[in-house]
Every structure is written in structure tokens, then in C-alpha cells.
Ligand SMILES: Cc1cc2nc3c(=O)[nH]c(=O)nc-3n(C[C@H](O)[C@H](O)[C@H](O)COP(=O)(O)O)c2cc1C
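Shown next as C-alpha cells: one chain only, the form predicted alone.
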């Protein structure tokens, strides 16, 4: 499927066929694409849970506004953000840059120090908002990847993050859930699959100068 055909085909799936499962090789494409997603400064303040456990999925449904996609989907992707991005996190990233690229420390030092000071000084709420924006980037990227792989997806903001964090024991990982995306294959009787896309004309959304 080419990219435009894939984007025409995709929609926010309202009803999944709970008898169909995504092959592991497709899941590995999705996880690799997640890990390759661009993030601000390259810092990757986002982690992703891949849930493939019907018992756990059923447990999460009440905390997702009762939305059946969470249990009927083959897998549920939970996008999470790091709760503590401070200088140790920054230095760990730059150590990886140094080791992987063999970049001299004198080249890295000014940017390393600038970012370490920036994240140590800014309010935690600002850092969390910044990290949340990176989660949206990751979700958007995976929506496109799923479309190209013929996998249906339903991006979700409508859930109770604190409840998800409790059920999934995310405090132990020092991360917090911010977005959900059940993925799988659409049910044949999902009427939304046949709806025409409603978009503003391209001439009204794309501006050339």
C-alpha cells in the first residue's frame, strides 16, 4: 500500500475483530518504528507498553471510558513519558552519543551542559508537557506505519491515566501513561470503516509562499 492509499484507507477503528491477531513480525516493525521516531533533542522521553493480554485488557476497559476497542483489539499500545528528565538523564544521552559516534567530549560539552542546565532549571510541569508532545509525535508516526502495514488503529486520549498507571504498575518504572492506541483488524460490521473522510479542501489547509 502506498502512503496516500494507506492514509485514505485508515480510520479511527471503532470495532475490532477480536478473533484476529497481529503477527509478531508486524509488532516488531511497529516497535522498531517507535524507537526510530524523531524526538526533541533526540532525548526520547517516551516509552511504549505493548499489551497483548486479554485479562489485562479487560481490566483496563473501565478506565478507558468503557471503550471496547481496548479489549477487542489484538494489542494495545500505551504511550508513556519519563517523569524525571534532569541532568543525569541528559548526561546518559550524551554518553551514548559519545560512545556510538565517537564524538570528542570537547565537541559535545557545550550542548551537553546547556541541556543539563535547561532541564534542571525548568519547572517539572514544563518538562512533562514537552515530553507529552513527543508522545504525540510517536503516536502519529505509528498511525502511518500501521496504515502502511494494513493494521487498524484507534488513537485515544479518553482514558484515566492515573488508573492505568496503577493497574500497569508504571510508578515502578518512573513513567506515566499519556496516550493509548489499540491496534488490530477492523470488524466486518464496523460501519465507520465505509464512511467517506471529511477533510477541509487541501487549498484551505496548505499554504504556499
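Just so it is clear, the model here is predicted, and its values are computed rather than measured. Residue numbers count along the first chain shown, from 1.
Just so it is clear, the following notes concern the form predicted in complex with the named molecule, a form of the same protein that is not shown.
> Within 4.5 Å, heavy atoms only: does residue 158 come near the named molecule in the predicted bound form?
Answer yes; at least one heavy atom of residue 158 falls within 4.5 Å of the named molecule in the predicted bound form.
> Quick one: does residue 67 come within 4.5 Å of the named molecule in the predicted bound form, counting heavy atoms only?
Output for residue 67 is yes: heavy atoms within 4.5 Å of the named molecule.
> Although the partner isn't part of this model, could you tell me whether residue 136 comes within 4.5 Å of the named molecule in the predicted bound form, counting any heavy atom of the residue?
Because a heavy atom of residue 136 falls inside 4.5 Å of the named molecule in the predicted bound form, the answer is yes.
> If we define contact as a non-hydrogen atom of the residue within 4.5 angstroms of the partner, is residue 10 a contact of the named molecule in the predicted bound form?
Residue 10 belongs to the contact set for the named molecule.
> Given that the named molecule is left out here, which of 146, 46, 154, 60 has a heavy atom within 4.5 Å of it in the predicted bound form?
Selected residue: 154.
> Partner absent here, but in the predicted bound form, which of 167-175, 29-37, 52-60, 136-144 has residues with a heavy atom within 4.5 Å of the named molecule?
Going through the listed ranges, the match is 136-144.
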